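Below sits a lone chain in structure tokens, taken as the form predicted alone.
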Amino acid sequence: MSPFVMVIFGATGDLAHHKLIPSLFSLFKDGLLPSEFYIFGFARRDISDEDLRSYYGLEDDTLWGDFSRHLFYQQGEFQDDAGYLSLIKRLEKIDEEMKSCVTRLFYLATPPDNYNIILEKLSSTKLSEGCGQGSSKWTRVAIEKPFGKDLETAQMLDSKLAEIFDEKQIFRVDHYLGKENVQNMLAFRFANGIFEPTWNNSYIDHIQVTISEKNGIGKRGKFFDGVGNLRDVAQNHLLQLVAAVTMEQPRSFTKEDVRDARAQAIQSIESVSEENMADQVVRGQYQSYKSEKNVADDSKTETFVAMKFFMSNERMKFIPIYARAGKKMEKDIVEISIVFKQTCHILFKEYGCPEIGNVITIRIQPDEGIQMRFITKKPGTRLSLEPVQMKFAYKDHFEKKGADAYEKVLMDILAGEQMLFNRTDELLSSWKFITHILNGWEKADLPVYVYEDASMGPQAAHELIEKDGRKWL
């Protein structure tokens, strides 16, 4: 890997502190970073290089000293030219010492409200142009979700990015795409001939997607209140999981062909009509939410959302997809379940069949793996049927742990590989679907159901699926 400079805007925030720096340090310990690299933290606080190194608090690792010598700090206000101009001088000095244009990566690890001003300053100060030999060759920008608040703001943000950078320079980060088992879905579906022939509406009864978090919003009240889980989780993580499990086979395993297939899947998600909004979408709020810091006393912000929707593509047409995402839930779990049509009753009607037949469950976290439910005969002299599970877990089968999602994301950005990053058409299609729901909520003034902390969401979410004769798994 070639030398690089990474500038992290928002260097003293949670994302940099708990995800980016630990992931970079892990890559360093694994020998996956070049011998020469420079990481500049950019933030408002008036601190030194040494203060920044101590702030991240990883000194107890014997290799931290070797890594931290690559860390530097640049104080600056996002709206003030001074910090950017000072940084330019420091980066020019690195180019002079290296006798080349060192690739620069600008990582926006700040609240979304800061994106526009940072992008404007990158452009107006010409920091975005690298060392002046062609911006598309020497610079990249990484931007964290959420990419806007609705379709209109997402389009505005995308237009701003396009004014400054070429598409090949832009890395829209949704770290779920870096998770091992999300990547594995392509291999599982298309490298195994026994699954693909049945992965369609002739055999699948329905699909369930669950993102359940035990924690509440924590210290994120200022950001989260008024944003909600539909924007914060459903627009990105949830719909990306839906795309991964419903997309057509890509023409090849190249970045554009994979992103084409993913984008087409998201584009085929059918909008929920206004007249069906109350029947197909449920929003909830955990009981203690309003007592969280920086949350309004009369807040109607949802911490939980459950949806039922369909897709228009031939493979998945008429298959109901039930998706839910919530905070302060009973357990931490992210998984997708493909529930196949129950057919065993035709032959074994007089002996009784389990209510649910074959299910393939793809577990994203915790304990990444795949399990398959099938029906077998119980031991004994009489014919009796019972469902059993066949399980594969990454941690049990592979001796080496896969890369953390952010480690994978960072490695791909540094390598210029965009397969696991959102493209404009993916982004705008997902926002079109979500904005339609947001507008429907506003027009109909639908209720926000309160649910108990450490539960699996409001009763209305269970009724959403149970009225169709199905249950959450």
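All values derive from a computational prediction rather than experimental measurement. Residues carry their position along the shown sequence, with the first being 1.
Absent from the display: the form predicted together with a small molecule. The rest refers to it.
Exercise. Among 296-304, 169-177, 189-197, 367-375, which stretch sits within 4.5 Å of the small molecule in the predicted complex, heavy atoms only?
Worked result: That would be 169-177.
For this session: Verify the contact flag for residue 220: yes if a non-hydrogen atom of it lies within 4.5 Å of a non-hydrogen atom of the small molecule in the predicted complex, no if not.
Result: So residue 220 counts as contacting the small molecule.
Problem set entry | 4.5 angstroms heavy atom contact with the small molecule in the predicted complex for residue 327 | Looking in the predicted complex, residue contacts with the small molecule include residue 327, since a heavy atom lies within 4.5 Å.
For this session: Consider residue 233 of the chain shown here, and say whether it contacts the small molecule in the predicted complex, taking contact as heavy atoms within 4.5 Å.
Result: Yes, residue 233 is a contact residue.
Problem set entry | 4.5 angstroms heavy atom contact with the small molecule in the predicted complex for residue 225 | Flag for residue 225 set to no.
For this session: Spell it out for me: taking the small molecule in the predicted complex, does every residue among 19, 213 and 237 have a heavy atom no farther than 4.5 Å from it?
Result: Yes: 19, 213 and 237 each sit within 4.5 Å of the small molecule in the predicted complex.
Exercise. If you check 259, 308, 149, 145 against the small molecule in the predicted complex, which one has a heavy atom within 4.5 Å?
Worked result: It is 145 that has a heavy atom within 4.5 Å of the partner.
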